[in-house]
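Quick setup: one chain, the form predicted alone, written in structure tokens, and binding and motion questions come after.
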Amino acid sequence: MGFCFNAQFVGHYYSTFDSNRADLAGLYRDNSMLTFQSAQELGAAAIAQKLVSLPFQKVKHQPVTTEAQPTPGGGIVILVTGQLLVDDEQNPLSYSQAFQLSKDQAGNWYVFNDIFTLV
């Protein structure tokens, strides 16, 4: 649960988001919740649908800071700030995203909570 894990998760998440958002569905479970710009989605299927229906074709995330802390029950909370470029836009947008990671019954990490906002 140290820096290496946090960096690996963040790298994997944004690489997958930027290349094929549909592949993010496997990181969520039925009890996962996403808040994206104040809109809430519950469950892996609804979250995946929200992410693939976002109104842009191309996106490139550039994380700037990543902070993490342990949570009760062996989880971890990660806060990421950064910039992103959508489609052919030249001016980056600043964002903040918080993840709460938990382990499922099989011991696999998944995103329990995901909060994203442009700042």
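Residue indices: 1-based, along the sequence shown. For clarity, every value in this text was computed on a predicted model and none was experimentally measured.
This next part talks about the form predicted together with another copy of the chain, which is not shown.
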Query raised in the report: Among 22 to 30, 85 to 93, 49 to 57, 63 to 71, which stretch has residues whose heavy atoms lie within 4.5 Å of another copy of the chain in the model of the complex?
Result: 63 to 71
Query raised in the report: How about Gln100: is it within 4.5 Å of another copy of the chain in the model of the complex, going by heavy atoms?
Result: yes
Query - Any non-hydrogen atom of Leu34 within 4.5 angstroms of another copy of the chain in the model of the complex - result: yes
**Report entry** Ala45: touches another copy of the chain in the model of the complex, heavy atom cutoff 4.5 angstroms
**Finding:** no
**Report entry** Sequence-ordered residues of 89 to 119 touching another copy of the chain in the model of the complex, heavy atom within 4.5 Å
**Finding:** Ser96, Gln97, Ala98, Gln100, Ser102, Phe112, Asn113, Asp114, Ile115, Thr117, Val119
